[in-house]
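Next up: just one chain, as C-alpha coordinates, the form predicted on its own.
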(Lines give C-alpha, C1' and ligand atoms only; values in the text may rest on other atoms or scores of the structure.)
Protein backbone atom coordinates (compact mmCIF):
# COMPACT_ATOMS: atom_id res chain seq x y z
CA UNK A 1 0.00 0.00 0.00
CA UNK A 2 1.13 3.55 -0.71
CA UNK A 3 0.89 6.19 1.97
CA UNK A 4 0.76 8.88 -0.74
CA UNK A 5 0.13 8.68 -4.46
CA UNK A 6 0.01 11.73 -6.73
CA UNK A 7 -0.74 11.30 -10.42
CA UNK A 8 -0.48 14.12 -12.99
CA UNK A 9 -1.16 16.76 -10.34
CA UNK A 10 -1.35 20.29 -11.71
CA UNK A 11 -1.95 23.64 -10.03
CA UNK A 12 -1.83 26.96 -11.89
CA UNK A 13 -1.10 30.34 -10.37
CA UNK A 14 -0.56 33.69 -12.14
CA UNK A 15 3.23 33.42 -11.90
CA UNK A 16 3.82 29.74 -11.13
CA UNK A 17 2.61 26.36 -12.37
CA UNK A 18 2.88 22.98 -10.69
CA UNK A 19 3.01 20.67 -13.69
CA UNK A 20 1.98 16.98 -13.91
CA UNK A 21 3.51 15.96 -10.59
CA UNK A 22 3.83 12.20 -10.09
CA UNK A 23 4.91 11.17 -6.59
CA UNK A 24 4.56 7.89 -4.70
CA UNK A 25 5.49 7.28 -1.06
CA UNK A 26 5.34 3.58 -0.13
CA UNK A 27 3.99 2.80 3.32
CA UNK A 28 6.73 2.47 5.94
CA UNK A 29 9.27 4.63 4.12
CA UNK A 30 10.79 8.11 4.35
CA UNK A 31 10.87 10.40 1.33
CA UNK A 32 12.96 13.54 1.16
CA UNK A 33 11.32 16.08 -1.14
CA UNK A 34 14.14 18.33 -2.31
CA UNK A 35 14.07 21.53 -4.31
CA UNK A 36 15.27 25.14 -4.40
CA UNK A 37 13.15 27.86 -2.81
CA UNK A 38 10.08 28.44 -4.97
CA UNK A 39 10.35 25.08 -6.71
CA UNK A 40 6.87 23.90 -5.68
CA UNK A 41 7.59 21.88 -2.53
CA UNK A 42 5.14 23.67 -0.24
CA UNK A 43 2.42 23.79 -2.91
CA UNK A 44 2.70 20.03 -3.42
CA UNK A 45 2.57 19.32 0.32
CA UNK A 46 -0.47 21.56 0.77
CA UNK A 47 -2.24 19.75 -2.06
CA UNK A 48 -1.43 16.43 -0.39
CA UNK A 49 -2.88 17.79 2.86
CA UNK A 50 -6.04 19.05 1.15
CA UNK A 51 -5.20 22.65 2.09
CA UNK A 52 -4.91 23.56 -1.60
CA UNK A 53 -7.07 21.97 -4.29
CA UNK A 54 -5.34 20.78 -7.44
CA UNK A 55 -6.65 21.94 -10.82
CA UNK A 56 -6.06 18.52 -12.35
CA UNK A 57 -4.76 15.09 -11.39
CA UNK A 58 -5.45 12.66 -8.59
CA UNK A 59 -4.12 12.57 -5.03
CA UNK A 60 -4.62 9.62 -2.69
CA UNK A 61 -3.44 9.76 0.94
CA UNK A 62 -3.76 6.71 3.23
CA UNK A 63 -6.33 5.31 0.82
CA UNK A 64 -8.44 8.49 0.74
CA UNK A 65 -8.95 10.69 -2.32
CA UNK A 66 -7.93 14.27 -1.64
CA UNK A 67 -9.35 16.79 -1.06
CA UNK A 68 -12.74 15.02 -0.79
CA UNK A 69 -11.49 12.53 1.82
CA UNK A 70 -9.31 14.89 3.83
CA UNK A 71 -11.40 14.77 7.03
CA UNK A 72 -11.02 10.99 7.31
CA UNK A 73 -7.36 11.06 6.23
CA UNK A 74 -6.23 13.77 8.65
CA UNK A 75 -6.97 11.71 11.74
CA UNK A 76 -3.86 9.73 10.81
CA UNK A 77 -1.71 12.57 9.43
CA UNK A 78 0.66 14.79 11.39
CA UNK A 79 1.54 18.00 9.55
CA UNK A 80 4.15 20.60 10.54
CA UNK A 81 5.10 23.58 8.38
CA UNK A 82 7.24 26.68 8.78
CA UNK A 83 4.18 28.91 9.17
CA UNK A 84 2.43 26.65 11.69
CA UNK A 85 1.67 28.57 14.87
CA UNK A 86 0.88 27.49 18.40
CA UNK A 87 -1.02 29.82 20.75
CA UNK A 88 1.60 32.31 21.92
CA UNK A 89 -0.02 33.15 25.26
CA UNK A 90 -0.62 29.49 26.16
CA UNK A 91 1.85 27.03 27.63
CA UNK A 92 3.25 23.91 26.01
CA UNK A 93 1.32 21.91 28.60
CA UNK A 94 -1.95 23.56 27.51
CA UNK A 95 -1.41 22.37 23.95
CA UNK A 96 -0.64 18.83 25.10
CA UNK A 97 -3.78 18.71 27.29
CA UNK A 98 -5.88 20.11 24.44
CA UNK A 99 -4.67 17.54 21.91
CA UNK A 100 -4.99 14.67 24.39
CA UNK A 101 -8.76 15.26 24.44
CA UNK A 102 -9.04 15.19 20.65
CA UNK A 103 -6.86 12.33 19.47
CA UNK A 104 -7.57 8.82 20.78
CA UNK A 105 -4.06 7.66 19.84
CA UNK A 106 -2.36 10.27 22.04
CA UNK A 107 0.49 8.75 24.07
CA UNK A 108 1.11 10.53 27.39
CA UNK A 109 4.24 8.52 28.14
CA UNK A 110 5.75 9.33 24.77
CA UNK A 111 4.86 13.02 25.18
CA UNK A 112 6.64 13.12 28.54
CA UNK A 113 9.65 11.39 27.00
CA UNK A 114 9.77 13.94 24.20
CA UNK A 115 9.50 16.85 26.63
CA UNK A 116 12.65 15.57 28.30
CA UNK A 117 14.49 14.72 25.09
CA UNK A 118 13.63 18.08 23.52
CA UNK A 119 14.48 19.90 26.77
CA UNK A 120 11.09 21.63 26.90
CA UNK A 121 9.28 22.92 29.99
CA UNK A 122 5.51 22.27 29.86
CA UNK A 123 4.87 25.38 31.98
CA UNK A 124 6.63 27.72 29.55
CA UNK A 125 4.51 29.93 27.31
CA UNK A 126 5.00 29.56 23.57
CA UNK A 127 5.72 33.27 23.07
CA UNK A 128 8.86 32.92 25.22
CA UNK A 129 10.32 30.04 23.22
CA UNK A 130 13.24 30.34 20.82
CA UNK A 131 12.72 29.35 17.18
CA UNK A 132 14.25 25.93 17.80
CA UNK A 133 12.08 25.36 20.86
CA UNK A 134 8.93 26.32 18.94
CA UNK A 135 9.80 23.81 16.21
CA UNK A 136 10.40 21.12 18.81
CA UNK A 137 7.09 21.93 20.53
CA UNK A 138 5.19 21.72 17.24
CA UNK A 139 6.84 18.41 16.40
CA UNK A 140 6.08 17.07 19.86
CA UNK A 141 2.35 17.75 19.36
CA UNK A 142 2.52 15.70 16.17
CA UNK A 143 4.80 12.86 17.29
CA UNK A 144 2.80 12.11 20.45
CA UNK A 145 -0.34 11.52 18.38
CA UNK A 146 1.49 8.63 16.65
CA UNK A 147 -0.09 9.22 13.23
CA UNK A 148 0.55 6.80 10.39
CA UNK A 149 1.79 9.58 8.09
CA UNK A 150 4.01 12.54 8.99
CA UNK A 151 4.24 15.43 6.52
CA UNK A 152 6.87 18.06 7.27
CA UNK A 153 7.46 21.25 5.31
CA UNK A 154 11.08 22.36 5.91
CA UNK A 155 11.14 21.05 9.53
CA UNK A 156 14.82 21.83 10.17
CA UNK A 157 15.06 25.28 8.57
CA UNK A 158 16.75 27.81 10.85
CA UNK A 159 17.71 25.28 13.51
CA UNK A 160 21.14 25.12 15.06
CA UNK A 161 23.10 21.89 14.41
CA UNK A 162 22.32 20.41 17.84
CA UNK A 163 18.56 20.98 17.56
CA UNK A 164 18.56 19.63 13.98
CA UNK A 165 20.37 16.48 15.10
CA UNK A 166 17.85 15.85 17.89
CA UNK A 167 14.89 16.24 15.53
CA UNK A 168 16.38 14.04 12.82
CA UNK A 169 17.14 11.35 15.38
CA UNK A 170 13.51 11.43 16.53
CA UNK A 171 12.31 11.14 12.95
CA UNK A 172 14.43 8.01 12.60
CA UNK A 173 13.03 6.62 15.86
CA UNK A 174 9.51 7.13 14.50
CA UNK A 175 10.36 4.83 11.59
CA UNK A 176 10.99 1.91 13.95
CA UNK A 177 7.26 1.29 13.52
CA UNK A 178 7.19 -0.30 10.06
CA UNK A 179 3.71 0.95 9.10
CA UNK A 180 4.52 4.65 9.58
CA UNK A 181 5.66 6.94 6.78
CA UNK A 182 7.31 10.35 6.48
CA UNK A 183 7.33 12.90 3.67
CA UNK A 184 9.45 15.94 4.36
CA UNK A 185 10.51 18.80 2.16
CA UNK A 186 13.91 20.37 2.48
CA UNK A 187 16.66 22.12 0.56
CA UNK A 188 19.21 20.64 2.97
CA UNK A 189 20.48 17.56 1.17
CA UNK A 190 22.56 16.46 4.18
CA UNK A 191 19.38 16.00 6.23
CA UNK A 192 17.71 14.18 3.36
CA UNK A 193 20.65 11.86 2.79
CA UNK A 194 20.80 11.00 6.49
CA UNK A 195 17.28 9.68 6.99
CA UNK A 196 15.55 9.14 3.62
CA UNK A 197 15.18 5.91 1.71
CA UNK A 198 13.33 7.59 -1.19
CA UNK A 199 14.21 10.95 -2.73
CA UNK A 200 12.32 13.20 -5.12
CA UNK A 201 13.82 16.30 -6.75
CA UNK A 202 11.53 19.12 -7.86
CA UNK A 203 12.43 22.26 -9.80
CA UNK A 204 10.32 25.00 -11.40
CA UNK A 205 7.11 23.11 -10.62
CA UNK A 206 8.13 19.80 -12.21
CA UNK A 207 9.55 16.57 -10.82
CA UNK A 208 13.15 16.29 -12.02
CA UNK A 209 13.91 12.81 -10.67
CA UNK A 210 12.50 10.35 -8.14
CA UNK A 211 14.03 7.09 -6.93
CA UNK A 212 15.31 5.28 -3.87
CA UNK A 213 18.40 6.83 -2.28
CA UNK A 214 20.75 3.96 -3.02
CA UNK A 215 19.89 4.04 -6.73
CA UNK A 216 20.73 7.75 -6.87
CA UNK A 217 24.03 7.30 -5.07
CA UNK A 218 25.01 4.14 -7.01
CA UNK A 219 24.12 5.35 -10.50
CA UNK A 220 25.82 8.75 -10.61
CA UNK A 221 29.55 9.19 -11.27
CA UNK A 222 32.08 11.82 -12.24
CA UNK A 223 34.82 10.48 -14.55
CA UNK A 224 38.12 12.21 -15.23
CA UNK A 225 39.62 11.24 -18.57
CA UNK A 226 42.89 11.87 -20.40
CA UNK A 227 42.47 11.89 -24.18
CA UNK A 228 44.42 12.57 -27.35
CA UNK A 229 44.18 15.61 -29.62
CA UNK A 230 41.68 14.05 -32.03
CA UNK A 231 39.60 12.20 -29.45
CA UNK A 232 35.86 12.06 -30.07
CA UNK A 233 33.48 11.21 -27.24
CA UNK A 234 31.30 8.17 -28.08
CA UNK A 235 27.51 8.33 -27.88
CA UNK A 236 26.27 7.37 -24.42
CA UNK A 237 23.09 7.62 -22.40
CA UNK A 238 22.92 9.50 -19.12
CA UNK A 239 25.50 12.13 -20.06
CA UNK A 240 24.73 15.19 -17.94
CA UNK A 241 27.77 17.43 -18.32
CA UNK A 242 31.03 17.56 -20.27
CA UNK A 243 33.95 19.79 -19.30
CA UNK A 244 37.16 19.82 -21.36
CA UNK A 245 40.48 21.52 -20.75
CA UNK A 246 43.21 20.50 -23.15
CA UNK A 247 43.69 16.75 -22.85
CA UNK A 248 41.54 16.53 -19.70
CA UNK A 249 37.81 15.73 -19.85
CA UNK A 250 35.43 15.56 -16.88
CA UNK A 251 32.13 13.76 -17.44
CA UNK A 252 29.12 13.79 -15.10
CA UNK A 253 26.98 10.73 -15.72
CA UNK A 254 23.65 9.37 -14.54
CA UNK A 255 22.94 5.69 -15.07
CA UNK A 256 26.60 4.75 -14.75
CA UNK A 257 27.66 1.14 -15.42
CA UNK A 258 30.88 -0.82 -15.89
CA UNK A 259 29.92 -1.28 -19.54
CA UNK A 260 29.95 2.48 -20.01
CA UNK A 261 33.45 2.65 -18.53
CA UNK A 262 34.56 -0.09 -20.93
CA UNK A 263 33.07 1.86 -23.85
CA UNK A 264 35.10 4.93 -22.95
CA UNK A 265 38.30 2.89 -22.67
CA UNK A 266 37.62 1.27 -26.04
CA UNK A 267 37.19 4.74 -27.58
CA UNK A 268 40.76 5.62 -26.62
CA UNK A 269 40.24 7.49 -23.35
CA UNK A 270 42.40 6.79 -20.31
CA UNK A 271 40.25 6.92 -17.16
CA UNK A 272 42.20 8.61 -14.39
CA UNK A 273 39.49 8.69 -11.73
CA UNK A 274 35.93 7.55 -11.09
CA UNK A 275 34.20 9.49 -8.31
CA UNK A 276 30.89 8.92 -6.57
CA UNK A 277 28.77 12.04 -6.15
CA UNK A 278 27.17 13.29 -2.96
CA UNK A 279 23.42 13.74 -2.93
CA UNK A 280 23.94 17.51 -3.05
CA UNK A 281 26.06 17.20 -6.19
CA UNK A 282 23.45 14.91 -7.76
CA UNK A 283 20.69 17.36 -6.90
CA UNK A 284 22.56 20.34 -8.38
CA UNK A 285 23.43 18.41 -11.55
CA UNK A 286 19.81 17.21 -11.92
CA UNK A 287 18.40 20.72 -11.50
CA UNK A 288 20.89 22.32 -13.88
CA UNK A 289 20.25 19.59 -16.45
CA UNK A 290 16.47 20.13 -16.18
CA UNK A 291 16.92 23.83 -17.01
CA UNK A 292 18.62 23.04 -20.31
CA UNK A 293 16.75 22.41 -23.57
CA UNK A 294 16.35 18.67 -24.43
CA UNK A 295 19.62 17.00 -25.42
CA UNK A 296 21.57 20.19 -24.63
CA UNK A 297 24.28 18.31 -22.72
CA UNK A 298 24.91 15.87 -25.54
CA UNK A 299 24.61 18.53 -28.25
CA UNK A 300 26.92 20.83 -26.34
CA UNK A 301 29.59 18.18 -26.00
CA UNK A 302 29.99 17.45 -29.71
CA UNK A 303 31.37 20.84 -30.79
CA UNK A 304 33.97 20.77 -28.01
CA UNK A 305 35.20 17.39 -29.22
CA UNK A 306 35.27 18.51 -32.83
CA UNK A 307 37.04 21.73 -31.94
CA UNK A 308 39.74 19.77 -30.20
CA UNK A 309 40.17 17.54 -33.23
CA UNK A 310 40.49 20.39 -35.73
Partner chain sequence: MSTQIILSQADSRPIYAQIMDEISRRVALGDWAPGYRLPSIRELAAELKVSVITVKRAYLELERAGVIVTRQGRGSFVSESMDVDDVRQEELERAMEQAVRLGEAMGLGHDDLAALLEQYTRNDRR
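These numbers come from a predicted model, not from an experiment. Positions refer to the first chain, counted from 1.
As for the form predicted in complex with its partner chain, it is not shown, yet the points below apply to it.
(message) Residue-level question: is residue 212 within 4.5 Å of its partner chain in the predicted bound form, judged on heavy atoms?
(response) Answer yes; at least one heavy atom of residue 212 falls within 4.5 Å of its partner chain in the predicted bound form.
(request) Please run the contact check for residue 200 against its partner chain in the predicted bound form: heavy atoms, 4.5 angstroms, yes or no? (result) No, residue 200 is distant from the partner.
(message) Even though the partner isn't displayed, in the predicted bound form is residue 247 close enough to its partner chain, meaning a heavy atom within 4.5 Å?
(response) Looking in the predicted bound form, residue contacts with its partner chain do not include residue 247, since no heavy atom lies within 4.5 Å.
(message) Under a 4.5 Å heavy atom criterion, is residue 196 part of the interface with its partner chain in the predicted bound form?
(response) Yes - in the predicted bound form, heavy atoms of residue 196 and its partner chain come within 4.5 Å of each other.
(request) Name the stretch, out of 227 to 235, 201 to 209, 154 to 162, 170 to 178, where some heavy atom lies within 4.5 Å of its partner chain in the predicted bound form. (result) So the stretch in question is 170 to 178.
(request) Given its partner chain in the predicted bound form, answer whether the residues 28, 190 and 276 all have a heavy atom inside 4.5 Å of it. (result) Looking in the predicted bound form, the three residues 28, 190 and 276 all sit within 4.5 Å of its partner chain (heavy atoms).
(message) Considering non-hydrogen atoms and a 4.5 Å limit, which listed residue (123, 119, 108, 218) is close to its partner chain in the predicted bound form?
(response) It is 218 that has a heavy atom within 4.5 Å of the partner.
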